[in-house]
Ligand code: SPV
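Here we start with a single chain on its own, the form predicted on its own, put down as C-alpha cells.
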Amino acid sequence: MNEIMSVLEQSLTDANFRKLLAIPNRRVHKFVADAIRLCKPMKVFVCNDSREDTEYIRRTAIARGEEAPLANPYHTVHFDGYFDQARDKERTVYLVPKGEVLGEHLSQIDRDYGLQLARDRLSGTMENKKMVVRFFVLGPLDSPFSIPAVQITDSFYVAHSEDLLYRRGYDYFRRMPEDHEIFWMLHSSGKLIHSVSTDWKKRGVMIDYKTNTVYSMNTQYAGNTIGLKKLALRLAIRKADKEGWLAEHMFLMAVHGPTGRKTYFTGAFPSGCGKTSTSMTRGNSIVGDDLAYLRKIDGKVRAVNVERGIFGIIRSVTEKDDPIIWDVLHSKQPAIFSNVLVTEDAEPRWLDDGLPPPKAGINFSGEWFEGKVDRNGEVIPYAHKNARYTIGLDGLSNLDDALDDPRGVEVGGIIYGGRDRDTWVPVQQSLNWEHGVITMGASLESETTAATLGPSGVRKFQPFSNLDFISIPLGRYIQNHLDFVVDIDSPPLIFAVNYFLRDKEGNFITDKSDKRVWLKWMELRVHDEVDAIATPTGHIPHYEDLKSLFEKHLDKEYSEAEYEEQFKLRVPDHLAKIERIEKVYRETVPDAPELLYRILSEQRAKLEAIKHRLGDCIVPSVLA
C-alpha cells in the first residue's frame, strides 16, 4: 500500500488526492495507481460529482475539441473518426483462462496473452493528456440491484456522456463496504488528430471477466468506450449467472391500461429495431430504453433500469413520429449529438428528420457538401446512419415515477422483437413461459443495421437480442431463463412483436404508430381481459379487439383485410425458420437444453399438420 500511496501522491494534486482518499476502498486506490503507472497521464482529475466538477468535465470536452457547442447553449456535438462509427464486434474479445471455453458465438483469446496485449496498447497512451476518474452505480442507489463501477478514461466526451447516462456514485463509494463487488473500466482514446482517434486499426475492447475489468483503446465511439453500457452488461450477465437473476438488453416501460392502471413490460430488440421508440410510445411512460436487471423479490419478478439516460439512434426521429424525444432535443435539457451534420447556423441535422435535406455543413467526414464522395466513390450522406443523441431521462415528459425505486417494478410481460420481413405476425403471445423462452427469445432473428460495423440488411441469429453480450455459454444462458420462474406462481407473459413485416412488393404492411395498439393489446392480455386465437406459434388477437383499440388509441379505421394480411400464418416461412434455428444450435451450441429441440419439434409438427389441412398461408378467421 505504501507504493500505491506514493504513486497517488506524486501524480495527483492535493485536492484530487483528498477526493480519492475520501473513498476508503483500497482496491479503488490500487486500480487508479495501476492505471497511472500504465498510461502515464500528464495529470489526473478525480470527479466528486459536485456541480463544479461535472461542469468542468463538460467545459473541458469542449475546450479540447472532443465536443463543439451548438446554437442551443445546452447542446454539443461530437464526431467519431470516419472508421469509428459503431460497436466493433470483431475486436471486442473475452480474455479466457486456459481450460475455459465460452462458446462459438464469442470472440475470445488466451487471458495471459490478452492482458499483455492490452498493457502494450495502453502503455503511455495518456502522456500529455489528463486522466479522468469517475464513480457510478448501475441500477438505483442503495438497492438489491446496485452495482458500483469505476470509469477511468482520457476522453472528457466519455466522462461527460456517462454523466448524462448513469447515476453518480461518488458518495455511494464513500460509504460502500470494502468487499463490495466492483466493475472496473479503463479506456484510452490513443493517438489523436483533431481530437479523433487515429489508430483505429489497433482498436480493441478486452474483457477480463476474472477481475470484472474492461480495457478499451484507440476508439471513441460510445459503444466501445462507455464502460457502463454494453461492456458492463457482459460482466453483469456473469454476475447474474452466479447469483440467480437476469441481466438483459431490454427496455422497461409502463403501458397504461384502463382506469389509470400501469402494467410494466420489458422488451428486447436489437439496435435499430424500434426499441427506444416502443418504450417512448405516446400514452405510456418510460423507465428505461436499453438495459434492465430482473430479480425475484417476494415471489414476483421485478426489474430496474440499469441506466438513467438514453444513448439513442437519432435517424428518423421526427416531430410527428417522436414528439417527446423531439421536444427534448429542442429544449434546454442537456444533450450530446454525435455524428450528425452541423449547419452553418450551428444546428444539428440527421437523416430522415422530416425537414428538407441540407446542402452543406460539417459532419463526420469534415466539410460536407451535397454529392461528396468517399475514396471509393460512394456518396457520403450528410449524417451517419448510426448518428446518436445522448440525454438524461429527467427531461422526458413521459418519465415514469418508478425510475429510482430501489425495489424495481413488477414485470407483467416480456417482449421480443427484431427486423423480420416474412415470418412473425405483428404481435403474438407465447403458449407458456418455456414456449416463449425457446420460440421467441432463443429463436430471435433480425436483419442487421448500422448500429454495428458490417453490411446492413443481413438476417442474423440474435437470441434474446443479446448474443453480442452473452458472456457465458449460450446453452447455460437459455437454461437460466427457463429456470428463472420455477418458483414463481404467476410469471410474466412472453410476447413477440414484428414492426417490419413486408408484402411481396417489399412494402411495410404496418405503420410506425401501430405499435401503440400492439402494446395495449398485450396489457389487456396480462390482465386476462381479452381472448385470443390459438395458433401453432402462439396466441394472436381477435379482429374486433384490435379494431376497437385502433379506433380508441389511434382514431384510425382498421379493416378486416389489413388484419387478415398482417396476421395470416405463413407456414413455410415458420418451418424454414425452425430449420435455421435448429441448425445453428446443433452446429454451434453444444450445451443447448434438450427442451429447446423438443419445443421446436413440437411446433414443427403442429405447423406441418395445419399445412396439410389448410395450406401454406392461413388467415386468422379460419383459425378462430
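When you see a residue number, it is the position in the sequence shown, counting from 1. Keep in mind that this is a model prediction, so the values were computed, not measured.
In what follows, reference is made to the form predicted together with sulfopyruvate (SPV), a form of this protein that is not presented.
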query = Looking at 223, 190, 473, 288, which has any heavy atom no more than 4.5 Å from sulfopyruvate (SPV) in the predicted complex?
reply = 223
remark   = In this chain shown alone, the residue from 481, 87, 167, 419 with a heavy atom within 4.5 Å of sulfopyruvate (SPV) in the predicted complex is 87
Answer range among 132 to 140, 225 to 233, 502 to 510, 108 to 116 for contact with sulfopyruvate (SPV), defined in the predicted complex as heavy atoms within 4.5 Å = 225 to 233
key: Contact check for 64, 79 and 155 against sulfopyruvate (SPV) in the predicted complex, heavy atom at 4.5 Å   = no
query = With the partner left out of view, is residue 249 within 4.5 angstroms of sulfopyruvate (SPV) in the predicted complex by any non-hydrogen atom?
reply = yes
request  = Spell out, yes or no, whether the shortest heavy atom distance between residue 209 and sulfopyruvate (SPV) in the predicted complex is within 4.5 Å.
outcome  = no
query = Is there any non-hydrogen atom of residue 388 lying within 4.5 Å of sulfopyruvate (SPV) in the predicted complex?
reply = yes
query = Any of the heavy atoms of residue 215 lying within 4.5 Å of sulfopyruvate (SPV) in the predicted complex?
reply = no
